[in-house]
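The chain below stands alone, shown as structure tokens; this is the form predicted on its own.
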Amino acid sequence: MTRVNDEIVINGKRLKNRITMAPTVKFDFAGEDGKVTEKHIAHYKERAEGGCGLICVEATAVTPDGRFGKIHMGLWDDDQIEGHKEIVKNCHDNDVVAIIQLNHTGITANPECGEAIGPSEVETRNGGKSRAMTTDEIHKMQAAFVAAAIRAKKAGYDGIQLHGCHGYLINQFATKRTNFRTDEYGGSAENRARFGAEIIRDIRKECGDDFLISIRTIGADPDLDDAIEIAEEYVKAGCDYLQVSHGIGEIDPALQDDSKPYTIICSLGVHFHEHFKGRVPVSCVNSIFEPDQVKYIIENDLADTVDLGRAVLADPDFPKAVLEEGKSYVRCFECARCQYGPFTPHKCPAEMKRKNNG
């Protein structure tokens, strides 16, 4: 039986345990230059010391117009590399594998940063319409992702994660909900996955066989079978690691199993693990707040790794509570609006409780 503290090797990178930190954006840590700040460095140092086997640094913009806002970290310029070296060093000093998530907002662009562009013209959440990208623009955008991955490698990261879910650009190409193209980037699952798959192939070519390439991919968008077909294309292109979450719209409620100690989004990773078992490691994520949930998933061979978000924001030492029997921790309060989220005061009540308790 696999245990949470068992090692796993992913494309030559040894994770000391099966616990990983999911990418969670620090929306007001960066300045308009997109550079790493001391706040970022301290934040990831604390989480690296907390015991994770791998940390995926937050969604990082590959172009200035692809940011969530003007205070969003980036890797679109060589001048941004230096600060990332400090994050990587703190991870490696604590025997933690470090990767970074690369992203572009696409249709969901912040008007303060750039134009809403994507695979097709669709309504945007501010009442406007996105503009469909030309083939030339698609290729230039793919090159921006690859250039950011090259910078990540120069910074010392063990690999990258492409942000292929949660409604951003790679997800927008992959899903039938926003991709109505009739060229080679639309229609079949193979074509809708092409945008992301070609990025993976080019990163592999430029960064080498030993560079870990992950994608945070859709688990059901619109359905499980289609999402798995999309992921198969990413794997064929050279993806080493599937970290499964959700995309756009509702998930088929038939996938919910209330008898299990995890959510419907988490169950998507479980389904992917069953499909890809023995070929590509798979993680699951979403509302995992108890050590016993992590143990249940790993010990029952439901996923290869478990991604933690709010649990390690609330208490960086949460992994130790999973790995060490009886170790105390401060549990996430499950606030209706996470206090680490956008436009919030960054006053996480669990974090404040932990610091007040010394």
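Residue indices: 1-based, along the sequence shown. On a predicted model such as this, the values are computed, not experimentally measured, just so you know.
The same protein also exists as the form predicted together with a small molecule; that form is not shown, yet it is the one meant from here on.
Screening 293-301, 310-318, 46-54, 30-38 for residues having heavy atoms within 4.5 Å of the small molecule in the predicted complex returns a single hit, 310-318. Annotation: in the predicted complex, residues 166, 287 and 340 each come within 4.5 Å of the small molecule through at least one heavy atom.
Comment: the small molecule is not present in this chain, but in the predicted complex one of 108, 179, 142, 101 has a heavy atom within 4.5 Å of it, namely 101. In the predicted complex, the small molecule lies within 4.5 Å of some heavy atom of residue 25. Residue contact check for residue 65: none of its heavy atoms lie within 4.5 Å of the small molecule in the predicted complex. Remark: residue 192 does not count among the residues lining the small molecule in the predicted complex, judged by a heavy atom distance of 4.5 Å or less. Remark: residue 323 does not count among the residues lining the small molecule in the predicted complex, judged by a heavy atom distance of 4.5 Å or less.
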